[in-house]
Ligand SMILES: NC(=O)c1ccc[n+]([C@@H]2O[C@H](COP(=O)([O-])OP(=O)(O)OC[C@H]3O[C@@H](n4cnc5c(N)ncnc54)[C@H](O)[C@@H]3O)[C@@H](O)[C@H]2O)c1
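This document opens with one chain alone, in structure tokens, the form predicted on its own.
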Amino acid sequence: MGRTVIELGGKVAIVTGAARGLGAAIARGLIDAGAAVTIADCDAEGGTATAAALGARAMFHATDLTRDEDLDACVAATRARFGRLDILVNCAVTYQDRGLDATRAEWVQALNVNLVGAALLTARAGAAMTVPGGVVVNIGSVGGKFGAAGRALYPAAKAALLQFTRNAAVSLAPRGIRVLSISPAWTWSPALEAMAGTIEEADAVGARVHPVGRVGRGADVANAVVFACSDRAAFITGVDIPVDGGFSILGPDAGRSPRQWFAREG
């Protein structure tokens, strides 16, 4: 039996935060599946370069998610360039997080980018999508599911985004629009590179908390996004798809039995 490839030919997507890193990988995955993509980002240099690298079916549109007028302009520019809108991937994120030391202004800024901007763009995109068949994919995180010392803003926003996904799925279902989330674990990106230095070091450390023995790659998440946006996922909405190498199946014992822990301590 020949290999069947998921096709998104003729579909048009907006991917936020796609100038670099995970967002750029998702944009590449959608392009490779045949879609046209608007790179929506406030990083003009990175966004322009990414769009150029992706070719004629990609364009960059400068978008600040904290500005309503930018959200309106992004949707309008996408429809003007490509004639329609079928897919929205909310991937933009700020990692700024000083935990309990964060100021009110820092909380507002983080939530504005990581949650409110995504919610407001979802409303605008949902009203403009070709229906039925529209899809919204919110990029969540294992950070929104578990506790972590020293952090608060990013995890709180991601947890809220997962709940927003469920509510938006119910609200937009009558229009034939599906909404779901995809939650990666540690994924190779500029943020992880800054901590690990090399992908080999990231894999070595990540193997301790990911049963598959490595950290994620942008393509791992992009492949899940492409599936979620395809007709093969037509009966899936309102749920989270973990793309985490098994991270979320482990408890605080890291998958080891008490016998193993006591043997190690002994």
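Note that residue numbering begins at 1 and tracks the sequence as displayed. No experiment lies behind these values; they were computed from the predicted model shown.
There is another form of this protein, the form predicted together with this ligand, and it is not shown here; the text below is about that form.
Work out which of A157, A125, V93, V135 lies within 4.5 Å of this ligand in the model of the complex, going by heavy atoms.
It is V93.
Of A73, A148, V108, A191, which residue is found within 4.5 angstroms of this ligand in the model of the complex when only non-hydrogen atoms are counted?
That would be A191.
Check whether V226 has any heavy atom within 4.5 Å of a heavy atom of this ligand in the model of the complex, and answer yes or no.
Contact check for V226: no, nothing within 4.5 Å of this ligand in the model of the complex.
Contact with this ligand in the model of the complex for D203, defined as at least one heavy atom pair within 4.5 Å: yes or no?
No, D203 is distant from the partner.
Hey, in the model of the complex, is T38 touching this ligand, heavy atoms inside 4.5 Å?
Result no; T38 lies far from this ligand in the model of the complex.
Is the gap between A77 and this ligand in the model of the complex 4.5 Å or less for some heavy atom pair?
Taking the distances in the model of the complex, the answer for A77 is no, it never comes within 4.5 Å of this ligand.
Flag this candidate site as yes only if L22, V113 and W186 all have a heavy atom within 4.5 Å of this ligand in the model of the complex; otherwise mark no.
All three within 4.5 Å in the model of the complex.
Choose one stretch from 99 to 107, 125 to 133, 85 to 93, 172 to 180: the one whose residues place a heavy atom within 4.5 angstroms of this ligand in the model of the complex.
Comparing against this ligand in the model of the complex, the contact stretch is 85 to 93.
Since the partner is left out here, which residues of 129 to 155 would have a heavy atom within 4.5 Å of this ligand in the model of the complex?
If the 4.5 Å heavy-atom criterion is applied to this ligand in the model of the complex, 129 to 155 yields I139, G140, S141, Y154.
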